[in-house]
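Only one chain is given next, in structure tokens, and it is the form predicted alone.
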Amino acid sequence: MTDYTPKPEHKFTFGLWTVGNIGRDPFGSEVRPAKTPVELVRLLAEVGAWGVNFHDNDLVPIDATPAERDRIVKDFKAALAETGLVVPMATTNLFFDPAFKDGAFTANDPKVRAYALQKTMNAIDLGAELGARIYVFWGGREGTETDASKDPMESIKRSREAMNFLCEYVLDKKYDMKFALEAKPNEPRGDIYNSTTGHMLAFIETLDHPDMVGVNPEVAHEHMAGLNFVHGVAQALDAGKLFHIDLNDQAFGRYDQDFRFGAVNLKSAFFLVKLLEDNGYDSSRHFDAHAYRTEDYEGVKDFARGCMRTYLILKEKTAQWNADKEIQALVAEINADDGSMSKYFGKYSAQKASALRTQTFDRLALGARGLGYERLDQLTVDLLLGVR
């Protein structure tokens, strides 16, 4: 059996808000005592994580004085040095404080929009100070419950103006940092702008510095909308925009559950890991998930270890799938190509189009051919269940 011990080259990360989640939900109070950022760094080091990520207020309370801020950051840096953990990503909390109840960059109140920019600049400075090279934006309140409240065209313009402003800020400060936009369809707002990865990819192309901005897709957010997460990630990879990724799990159509990676949709998780590994994804593998509310902090450690272990098992299964002679023979048969049609593909030309128009096809034979997908899927299931 393979050693499933996480190593630095796996680039596994967790947020302070993930292992630090105290189990509070809309129907029940906390079940775990809060831990300090330093304690959480040590917990992550104990379970074998490579890095730790944070929102600005996960680390520094929103009402901290400058002196308190400096002390907290000093202690956090010392914990990083002590454990060897790194900070690959940072982000801003623009959704929790009541000031952002109508959104941050899309709020109707211009003072709120200005405060959101100020808060984000300060948080970018903090992220840069701690070494973050990816900065994530999740617009958790950027939406509506009633479309009477906001003009969606104006909201798009406000979002674009904010991203352009902050890109220029990073360039002006000469930070080695890129942005990753995180989509979510709903919760906590009724409807959130740029609700899927596809929306985000289209929005990025309208920015002044699209090269600086990519996406941070999350399993649970796409599954909430009933979408195929693997397909969305493939689109981001194809566009060269997969700057970061949030790994967790989620039952389709439910509220944002943030389960341990692979806890619900194991086959989907396998094809996601296969996509990432086959295509050489080399950024953080970030677990944006929470332990069950039933757990104490030993259970939180079990949760964190489980996320990483499942990924590594599925990475091993990917190698097995790619090397399995029967599976690969079937894949080759399914994708058989005698080269006779290659003259019609690729870049368009009038000659190519003319020749294709005269080509004769046996439509009935094309429709009659069985493709073997049932067998291929069952071979995959057999492999995942450990009987191959």
Ligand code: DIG
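Residues carry their position along the shown sequence, with the first being 1. Keep in mind the model is a prediction, meaning the values are calculated, not measured.
Just so it is clear, the following notes concern the form predicted in complex with this ligand, a form of the same protein that is not shown.
Colleague: In the predicted complex, does every one of M89, W138 and H221 come within 4.5 Å of this ligand, counting any heavy atom?
Modeller: Yes, because M89, W138 and H221 each have a heavy atom that approaches this ligand to within 4.5 Å in the predicted complex.
Colleague: Is there a non-hydrogen atom of F203 within 4.5 angstroms of a non-hydrogen atom of this ligand in the predicted complex?
Modeller: Although this ligand is absent here, F203 would stay clear of it in the predicted complex, with no heavy atoms inside 4.5 Å.
Colleague: So in the predicted complex, does any heavy atom of D246 sit within 4.5 Å of this ligand?
Modeller: D246 belongs to the contact set for this ligand.
Colleague: Considering only heavy atoms, tell me if D288 and this ligand come within 4.5 Å of each other in the predicted complex.
Modeller: Contact with this ligand, yes.
Colleague: Using a 4.5 Å heavy atom cut-off, state whether E182 contacts this ligand in the predicted complex.
Modeller: E182: contacts this ligand in the predicted complex.
Colleague: Given that the partner is absent here, state which listed stretch (312-320, 107-115, 232-240, 213-221) has heavy atoms within 4.5 Å of this ligand in the predicted complex.
Modeller: Only one stretch passes the 4.5 Å heavy-atom test: 213-221.
Colleague: Exactly one of F95, Y175, F271, Y297 has a non-hydrogen atom within 4.5 Å of this ligand in the predicted complex; which residue is it?
Modeller: Only one option qualifies, and that one is F95.
Colleague: Which of the residues spanning 25-59 lie within 4.5 Å of this ligand in the predicted complex, based on heavy atoms?
Modeller: Residue within 4.5 Å: H55, and no other.
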